[in-house]
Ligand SMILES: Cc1cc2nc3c(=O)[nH]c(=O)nc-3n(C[C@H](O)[C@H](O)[C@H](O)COP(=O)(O)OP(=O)(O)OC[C@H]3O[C@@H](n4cnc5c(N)ncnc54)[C@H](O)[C@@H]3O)c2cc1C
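Shown next as structure tokens: one chain only, the form predicted on its own.
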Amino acid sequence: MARTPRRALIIGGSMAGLFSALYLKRAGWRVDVFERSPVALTGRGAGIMTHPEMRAALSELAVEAGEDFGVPVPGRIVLDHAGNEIGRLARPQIATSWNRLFELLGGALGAPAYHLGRDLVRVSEDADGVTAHFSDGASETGDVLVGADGFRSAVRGQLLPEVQPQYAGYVAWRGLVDERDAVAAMGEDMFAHLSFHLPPGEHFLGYPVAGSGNDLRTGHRSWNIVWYRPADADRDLPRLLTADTGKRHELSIPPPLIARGTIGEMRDAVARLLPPQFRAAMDKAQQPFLQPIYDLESTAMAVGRVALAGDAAFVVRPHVGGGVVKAAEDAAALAASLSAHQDVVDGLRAYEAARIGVGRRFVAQARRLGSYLRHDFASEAERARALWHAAPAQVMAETAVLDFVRDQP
């Protein structure tokens, strides 16, 4: 008689959840993904810089990225305040979109295994398995539960309530500019590259991504903007997260609710701080949104029959550009560890041993890269260490590069 496949309950339907489902399914598990959102996850985020590790994961899962996976980016350019080029580095990469990758992974998994509107309220465990209890009163039981529900993970909140996000001291303004407007402002060469400007204590970058509907035709793409700006936790952040109605939002604020005065302050800073090419492009930016930057380090990645993966375990600042790779490699290690151990708890312990150190290295590298994004330092030695990462050559060499993970044991 054929053995009944073991069942995995995966909480969270974004990148970590989909990668976990696909790797476990490939290893012979029956998988179900439960996403709290009642509507499809579209439009979540703009650009993603890809890496060979991401392409390797897609290939291993037989997910065909194809020629329309993203926009080739030949390298990096840095401008000074006057708009003069002060650095250039050849570093070919592909810039894809969150939507495109999500569509590929979701299509590979298939709709029957993906369940929307399932909001987890608690997890329970006994000798026979682990059960997810949802807000609609329903429950599901499996052999293992994977918390892949991101930054605000309900799974982590129950298992490790002491693990909380730590504000990094700065925010990112993000937005998109239509290719025609961006090229008119800066020219085709600059549009095509990962282009930087580095005001004191700040960091601006932009790069090309697909346009609406994953449109990769020349003239129909977009320029993805990220601008890191210091914001004091007590003085600035509460104001930035307060809408015109006076309502203060926690952790983040929906883009349409950002106060008009806050948008105005950002526009004033554009005029003062950015090179003319970037100023002209920013004038055409679509609805900007504000992203406070946080770190999060879990003290464990496995508790009993429950595992944490992706951002539910470690939240890494965007400078590294490796969040998707980290999620994919967490998923691959999880499936491999469970396959190597008949006992689920033993398999999850092996998974944690394999991945927790990697997660810590990601967070540490992101902190190093963002260490200069402030105006105050405890000492001159601290300032010097931080500002080393702000040099144009270092920014070009270190941003969205994963060599640091491979170079360490």
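Please read these numbers as outputs of a predicted model, since none were measured by experiment. Residue positions are given as counts along the sequence shown, with the first one as 1.
If you look for the form predicted together with the named molecule, you will not find it shown, but the lines that follow are about it.
Contact between Y207 and the named molecule in the predicted complex is found at the 4.5 Å heavy atom cutoff. Shown alone here, W98 lies within 4.5 Å of the named molecule in the predicted complex, counting heavy atoms only. Residue contact with the named molecule in the predicted complex: F34 places a heavy atom within 4.5 Å of it. When contacts are judged by a 4.5 Å heavy atom cut-off, Q291 counts as touching the named molecule in the predicted complex. For the named molecule in the predicted complex, the listed stretch (72-80, 137-145, 321-329, 267-275) containing residues with heavy atoms inside 4.5 Å is 321-329.
Residue in contact with the named molecule in the predicted complex (any heavy atom within 4.5 Å), chosen from L216, A154, V303, L240: A154. Only one of D232, E188, D283, D119 comes within 4.5 Å of the named molecule in the predicted complex through a heavy atom, and that residue is D119. For the stretch 15-34, the set of residues having any non-hydrogen atom within 4.5 angstroms of the named molecule in the predicted complex comprises M15, A16, G17, F34, in sequence order.
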